[in-house]
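As a starting point, one isolated chain is supplied in structure tokens, in the form predicted on its own.
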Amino acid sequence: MMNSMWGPTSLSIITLLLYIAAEGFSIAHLRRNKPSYGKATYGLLLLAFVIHWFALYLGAKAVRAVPYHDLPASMSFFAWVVILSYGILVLRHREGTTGPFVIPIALLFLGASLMANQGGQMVIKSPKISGPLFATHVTTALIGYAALSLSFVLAQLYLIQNKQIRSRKLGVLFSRLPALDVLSRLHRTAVIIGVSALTVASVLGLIWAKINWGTFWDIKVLFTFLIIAIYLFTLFPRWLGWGGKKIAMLSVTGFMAILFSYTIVNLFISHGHSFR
């Protein structure tokens, strides 16, 4: 009874409710700028983050693997890493007003994970898709994707702020959100984390693939290198001679490539990186 009550699914549902509450307080904090709302947001996020970790741990323990063996588990882990990336960004720049726009990403993926996981946890059948090298490869890849998802949100906010300034129609968000230069710095930090993690994941993945498949090639590799290239251009805008707005739009394009890679490529195109 206790195992059922405090199993991965139950803990994930509690986590989802805490994320929803945190989102509510973060929106209230954005609108009214009360410190108590901000503290409540961070407190709820921290509690949810810890409970989410226990849910992932129990799920991983049940199948004796890191929790990414199927699509639902992967989405739940991705949601957790999104909150981790947001926490790093807040600690690095002391800027938390982007919370109302970041937390929904975690809500979306955790909610989708719960809905998709109707059949319960799956057990990894092949011993090849396990081990520390494979675990580190997938974990760093998901960290990279989460950080780049965060950069997508920041790019969107940059475009919103830029539009308000150019149109001279300054809404409520203008006074609450960070200035353009701050958003640029936040975006750059997120992209650096994302590109670094994704590059490490790619190198580890190529080594693992050579050992287990005898080849480096998989269509997923091509899309990953494409994503890295797109975001490298956002880090070095002089290569293109572009300003902040075009860089933000390029970042949005990169995120679309991530979504395509994470869903269509994994589900229907790639054989080595398939969730099927």
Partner chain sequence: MSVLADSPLVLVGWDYRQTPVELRERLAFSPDKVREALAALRQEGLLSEGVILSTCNRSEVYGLTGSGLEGRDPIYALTEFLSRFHGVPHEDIESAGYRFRGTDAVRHLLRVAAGLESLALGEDQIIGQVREAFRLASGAGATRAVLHRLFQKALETGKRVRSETGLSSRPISIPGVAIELAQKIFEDLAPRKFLILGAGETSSIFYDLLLARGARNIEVVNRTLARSEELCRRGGKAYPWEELAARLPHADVVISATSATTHVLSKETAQKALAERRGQPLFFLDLGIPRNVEPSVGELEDAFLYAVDDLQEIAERNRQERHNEIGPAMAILEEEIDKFFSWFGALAVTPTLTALRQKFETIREAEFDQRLNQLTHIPEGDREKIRLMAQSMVRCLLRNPTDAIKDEPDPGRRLDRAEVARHLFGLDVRGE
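Here, rigid core means the biggest group of C-alpha atoms that superpose within 1.5 Å across both forms. Predicted, not measured: the structure shown is a model, and the values here were computed from it. Numbering follows the first chain given and starts at 1.
Omitted from view is the form predicted together with the partner chain, to which the following refers.
Indicate whether the candidate residues 39, 153 and 225 are all in contact with the partner chain in the predicted complex, with contact defined as any heavy atom within 4.5 Å. Answer is no for this spot.
Just to be sure I understand the contacts: of 161, 140, 189, 113, which is the one whose heavy atoms reach within 4.5 angstroms of the partner chain in the predicted complex? Contact residue from the list: 161.
Under a 4.5 angstroms heavy atom criterion, identify the one residue in 206, 135, 180, 84 near the partner chain in the predicted complex. Exactly one residue meets the criterion: 180.
Stretch in contact in the predicted complex with the partner chain, which is absent here, among 213 to 221, 56 to 64, 245 to 253, 41 to 49 (heavy atoms within 4.5 Å): So the stretch in question is 245 to 253.
Can you work out whether residue 185 and the partner chain are in contact in the predicted complex, taking contact to mean some heavy atom pair no more than 4.5 Å apart? Yes, residue 185 sits close enough to the partner chain in the predicted complex that at least one of its heavy atoms falls within 4.5 Å.
Though only this chain appears here, would residue 240 touch the partner chain in the predicted complex if you measure heavy atom gaps against 4.5 Å? Yes, residue 240 lies within 4.5 Å of the partner chain in the predicted complex.
Contact with the partner chain in the predicted complex for residue 165, defined as at least one heavy atom pair within 4.5 Å: yes or no? Residue 165: contacts the partner chain in the predicted complex.
Any residue of 22 to 41 with a heavy atom within 4.5 Å of the partner chain in the predicted complex counts; write them all down in order. Contacting residues: 32, 33, 34, 35.
Core-aligned, is the CA shift for residue 240 between this form and the one not shown 2 angstroms or more? Yes: residue 240 shifts by at least 2 Å between this form and the one not shown.
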